[in-house]
Structure formats: structure tokens, C-alpha cells
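Take a look at this single chain, the form predicted on its own, given in C-alpha cells.
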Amino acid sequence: MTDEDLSVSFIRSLCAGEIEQSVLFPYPVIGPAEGETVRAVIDAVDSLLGERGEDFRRWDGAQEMPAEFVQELREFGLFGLIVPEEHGGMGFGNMAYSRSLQQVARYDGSVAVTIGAHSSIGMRGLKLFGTDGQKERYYAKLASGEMIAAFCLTEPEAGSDAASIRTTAVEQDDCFLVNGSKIWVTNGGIADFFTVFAKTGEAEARSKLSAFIVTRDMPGVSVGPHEDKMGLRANPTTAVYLNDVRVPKENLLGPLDGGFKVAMSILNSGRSGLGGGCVGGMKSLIAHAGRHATERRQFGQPIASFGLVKQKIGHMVVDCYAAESAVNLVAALSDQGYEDSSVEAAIVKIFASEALWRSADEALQIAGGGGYMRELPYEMVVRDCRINRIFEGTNEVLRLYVALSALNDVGEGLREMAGTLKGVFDDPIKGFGMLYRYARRRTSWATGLPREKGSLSKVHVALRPQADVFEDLTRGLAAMADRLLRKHGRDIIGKQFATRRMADVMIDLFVLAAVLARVTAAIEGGGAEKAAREIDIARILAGQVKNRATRNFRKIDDNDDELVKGLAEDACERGSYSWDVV
């Protein structure tokens, strides 16, 4: 694979109507050697967590994970999944790590987030940006769990807007003097290794952000009490306070004033772990819902025989397979060294977290009144999984990022076109060549004429109808991006209803592409008959995606956006609902 190949972004190219099949095919799998180690980890997780259901519910009620259990996690090596083998870890890539975390999440969300926050974000900055000296000093302790890691970015006035943080780091001789506080720090109560972000320039200079390794034993570091949370209650989430903490200069993580890139890289790289956790949760819910539906009888027959119950479980299976397909693909992009898969990583986080939420809601509904009671696992799963749509970037903000990143690429092309039009007579060969290419692209969006990079030719012939749907919708997406920029210009940044619709189309298309690639591999590996159910999943998903995308295309010009915003503005101004009957 060439450097040029690794610079490709599948989804950003898609918005120009180009399908980069090299990203999808062949669908990635974990290699034999690493796969053997992953299977050993899965067996260990099953052994450790398989019979602990009552413990998990008790710890949830007590809002505490016993120290002796955390010690078991250490002894099983679950804090060393991504640490290189030479430092005592397992050296997993993102695919293997995501699959391992998936297995943990099948049993308990609090345990999964304890391990995930350590590896996905807490120590991820060290892995991505750490110096050899930093890695030599901390890797072994992190692998063994002697040090548990946490990620300290969010503050009372800085959530999704990471650049507005108030914590400061002032350079003094051989150290930085760090002052500030962080909130909602996952693992805060048990962590000894903190990745901390602080301003290293003037308070108003939004770009002057740096990352630091801070350890609990540094004077001035303290943590608050455990937060009383809706879910994930056994994980010790706390505030972290930094009062005149002298952080050695060698603990600077990444370049000075480069903290924003460090933070975004950590979050992007770690999102396949969160996605894996969501997939694990969905698989557990499908198993619970299937057993309950088979055993629960109403009107003289199992409720599993009722069409509406089958519909719920069937859609849960489609969501799970789709999420797993996309999660694996994005993890593989990171393992293969793709330069920028940040948009795809954001898509995975959005889709997987929302698919898990739908599955939790439907599984509880299948369980009926019993699902609302604490003796069954559903209400706890609903509470635990709700945070996934918020942390590591809210899904609303990530949708804007997904759409605006692609629109920026399209906008650059339009600006280039504008420059060409001005100079077309100065260089007519170049100018008319570009005009011709652009006109041909626009014609293909409208008519569906075949063109280079405009087809999914590597999809198995059994999936040709679904590939046709994908290709048609890809042309529609490209036309949508072109239309939105021509309609709104620079104002597109403030048109959040429009960008959300575009993001939803992009999300659906990426997930459908991942599924088509995976099912193609299944057919080629075992034949169409063996992959029959997977083909059914692709057919169902393609139909869903087509319907949703068609609605979003229709609303580019025909929508009620301003009416909805007017109602919201009225409610905010009045501070209440305005139409009480009495």
C-alpha cells in the first residue's frame, strides 16, 4: 500500500461522488497470531466475568467496584491490552483491542469503561505522542495496572468546546506550574496517571493548549468524591484538582501548544474501543431478549412467535451487525496506518452509541414490566449506555464535524472552480479541462452515468441490487453537498439542521459500505447459502438507508426548519410551554 493510498478518506471522497474501494476491500480480519491471543483474552474475560451478574448489580447499587476485583483485572492483564509486548503488555492493535473490550462489555458497562478509559483515552496520548523516555518510565506500570490512567479534558466551562478550557500551565525554569480543575474524570478515583490539558499561552488564546502527564503523587494533585451518576455507577468518576502542581518539562506530551491536536488524535484513535464496547452491549441484549421472548408465554404461546417482537429482535440484529462491521473497518484503518480516519471514527461513535441505545430500549420493551424492575439487567443497561451518546464528543457536535469536514473539501473544489472561471482565458486548456470534469461530475449526479471511481464493482454479484442503491445514494450525497454550498455559502456553518441531514446520509452510507464489504467476504469465504442471513441483513439495511437518505435529500429545500426553530425560541423566551388547556 502506497503513501498515496494511506492518505485517502473514504467518506470525504464519497461527498465528491468518488468511491474508494481500496478502503473497503478486502474486508479486514485479525491476523492468525494476534487472533490466537485475542481468543485467549476472550476466554479469560469469560472466566473472570461470566458468573458475576449479581456482583455487578450489587456494585452498581453501592456505587463502588471493590479493590480486590480491580486487582483481579490487573492480574488478568486487562490494563495492558495496547501496551507493547516489550513493556509487559499484549501489544494489540485497534481491531484486537476493540474485540477484547467488546467481550468485557457483554458483562458489565462499569467494568468495560474502567478498562476502556485506561487504554482508549487515559494512556492513548502516551502511545501516540510519548517520547521514548516517557514510555520507558510509564509503560510497564500502566501495563500491569500498577498505574491506572485517566483523561482530563472536560471542565465546568469546557465540554465539546475543548479550546475554551481554563486550566493553565505556566512555564517556570525546569517545570510547568499547573492550576485548574477537571470534572467527570472516568477512573478519577483510582487513577495514578492523568493526561491533563492546560492553556500554555494567554488565557484568551484558544489555540495555546498543551498536554501533560500528571501523576497522583505530585504535590497539589487531589480528587473529589465519587460522582452520583445515572449509570456506570460502579466506576469511580470524580473531579480532579490541580493546585500549583509542578509538572516537569519532560512530562510535556506532544509539542508545546499542540494540545488540541493531541486531544483530537486521542479521541479519534480511541473511538473504536468505545464502538467495540457498544457492540458487546448489543450482543448481550440480543441474547437476553431472545431468551426472554422464547421463555415468556402470553395468550398460550411464546412471545417470540409474535410478529412485533420478532421485528424488534430482527432490527436489533441488523443494528448490531452493522455497527460491528463499521467498528472493525475503522479499527483496521488505524492499524493499517491511514493518515486521517477521523470522520470515519466519528461516524462509528455516533452509529454504535445510538444503535446500542435503540437495542437497550427495545430489549427492555420486550421484557415488559419485568424489564423495568431492578432484578433483571435491562434497566441497568439502559442507564449505563445512555452516556455513550455524550462522552468522547456529543453526537450532535460530531455530526457537525462529519458534515462540515466533507463540505470543506467540496468548498475547496468550488473555490478552485471560481478561480478557474476568472482565469479561463489565460489558460484555456487547463480551464476548460477543469470545467469539463466538473460538468461531467454534475451530469453523473443527475443521471447516474457510470464514471471512474463511481461504482462498487468489488461487491459480490449477489449484493448487486444493494450496491446499486449505494451508488445512487452516493451521487445523491455529492449533489446534496454541492447544493448546500451553493444555497448557503459560508453560512452553512450555522445551518445545523441542513448539516445534520447531510451527516446522517454520510453515516448511513459508510455503515452500509462496511456491511456490503463484510458480507462480500462472507460469501466469498463460505458461499452464498452459508451467508444467507448476512445477505438478508444487507438487504434490510440497504432498504432502511435508502428510505432515510431519500427523506433527507427531499428536505434540502422543502423543510420546516425555521418553524421548528421559532417554536424553540418562543419556549426559551417564555421559559415554559405556552398552551395549557386550563
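One-based numbering along the sequence shown. Note that the structure is a prediction, hence the values are computed from the model and not measured.
Although not depicted, the form predicted in complex with a small molecule is the subject of the following passage.
Chemist: Within 4.5 Å of the small molecule in the predicted bound form, heavy atoms considered, which of V330, A112, M123, C152?
Modeler: None of the others qualify; the residue that does is C152.
Chemist: Taking 4.5 Å between heavy atoms as the contact cutoff, choose which of T394, N408, Q172, S164 touches the small molecule in the predicted bound form.
Modeler: Of the candidates T394, N408, Q172, S164, T394 is the one lying within 4.5 Å of the small molecule in the predicted bound form.
Chemist: Quick one: is A143 in contact with the small molecule in the predicted bound form, heavy atoms, 4.5 Å cut-off?
Modeler: The answer is no: A143 has no heavy atom within 4.5 Å of the small molecule.
Chemist: Quick one: is L400 in contact with the small molecule in the predicted bound form, heavy atoms, 4.5 Å cut-off?
Modeler: Output for L400 is yes: heavy atoms within 4.5 Å of the small molecule.
Chemist: Can you tell me if I390 lies within 4.5 angstroms of the small molecule in the predicted bound form, counting non-hydrogen atoms only?
Modeler: Yes, I390 sits close enough to the small molecule in the predicted bound form that at least one of its heavy atoms falls within 4.5 Å.
Chemist: Does the 4.5 Å heavy atom contact test between Q496 and the small molecule in the predicted bound form come out positive?
Modeler: Q496: contacts the small molecule in the predicted bound form.
Chemist: So which of 229-237, 132-140, 212-220, 252-260 is the stretch with heavy atoms within 4.5 Å of the small molecule in the predicted bound form?
Modeler: Within 4.5 Å of the partner lies stretch 229-237.
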